[in-house]
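Taking the form predicted alone, here's one chain by itself in structure tokens.
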Amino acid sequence: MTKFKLSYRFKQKVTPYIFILPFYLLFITFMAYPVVFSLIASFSKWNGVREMEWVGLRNYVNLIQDKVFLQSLINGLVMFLMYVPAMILFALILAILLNKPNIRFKNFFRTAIFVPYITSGVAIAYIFMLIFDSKFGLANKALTSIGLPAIPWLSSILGARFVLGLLVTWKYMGYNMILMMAGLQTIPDSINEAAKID
């Protein structure tokens, strides 16, 4: 009887850990190990075949002195400042508008705004290339039809940054809108009613 109780208690304690074991095995294999290995490799000289040679901070010093790396950091910062504030602002405005109960066809608009998020990035990039092509793009045709000069959207630095920022904003705005709408829908009606009275 005592052995049975001990066995039962042991199974009760061990069973939950067995159920969560696959997660931790996958996490260690595909998340923790690659991060630790990459960190070790960053302090080493290694061509992927021979043994690693410890070089300390030399890789980081070379990286900081690399003009291409520094330019990529600047480009990333510029793109972040271009699309993140606009995307959050537009997503918030759309979430507030489409959260109102008296809006007609709001489910259609929610779906239409969310669709770019689940659309293939290759397809979206191709569509934007067709729209902003310097010679045959729809954007330049619209500009020239009203007497304005064509803009080299994809062949200039500023134009390419603008188009890429527009693409990222359009693709991820629906996802952020859904998140904000979920937050708005958790606000109790009593708070909204109190705000209207105030």
Partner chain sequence: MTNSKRILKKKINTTGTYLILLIVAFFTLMPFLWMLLSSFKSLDQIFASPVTLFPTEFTFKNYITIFKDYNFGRALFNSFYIGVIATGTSIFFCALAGYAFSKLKFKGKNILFLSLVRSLMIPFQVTMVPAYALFNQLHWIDKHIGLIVPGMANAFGIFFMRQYMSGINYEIIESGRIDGCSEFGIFIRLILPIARPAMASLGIIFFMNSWNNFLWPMIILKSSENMTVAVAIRAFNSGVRTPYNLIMAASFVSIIPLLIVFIAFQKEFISGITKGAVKG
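Because the structure is a prediction, the values reported are computed rather than measured. For the two forms, the rigid core is made up of the largest set of C-alpha atoms that agree within 1.5 Å on superposition. Numbering follows the first chain given and starts at 1.
What comes next is about the form predicted in complex with its partner chain, which does not appear here.
The partner is absent here, but in the predicted complex a heavy atom of Ser38, alone among Ser38, Ser156, Ser44, Asn62, sits within 4.5 Å of its partner chain.
This chain lacks the partner; the member of Val84, Ile113, Leu92, Val78 within 4.5 angstroms of its partner chain in the predicted complex by a non-hydrogen atom is Ile113. Though the partner is left out of this view, Phe10 does not reach within 4.5 Å of its partner chain in the predicted complex, counting heavy atoms only. Its partner chain in the predicted complex is approached by Thr119, whose closest heavy atom lies within 4.5 angstroms of it. Its partner chain is not drawn, but in the predicted complex it has no heavy atom within 4.5 Å of Leu73. Proximity of Leu164 to its partner chain in the predicted complex falls outside the 4.5 Å heavy atom cutoff. Residues are counted as partner-facing when one of their heavy atoms sits within 4.5 Å of its partner chain in the predicted complex; in 159-198 these are Trp170, Met173, Tyr175, Ile178, Leu179, Ala182, in sequence order. With a cut-off of 2 Å and the rigid core superposed, Ile187 has a Cα displacement that reaches or exceeds the cut-off between the shown form and the other one.
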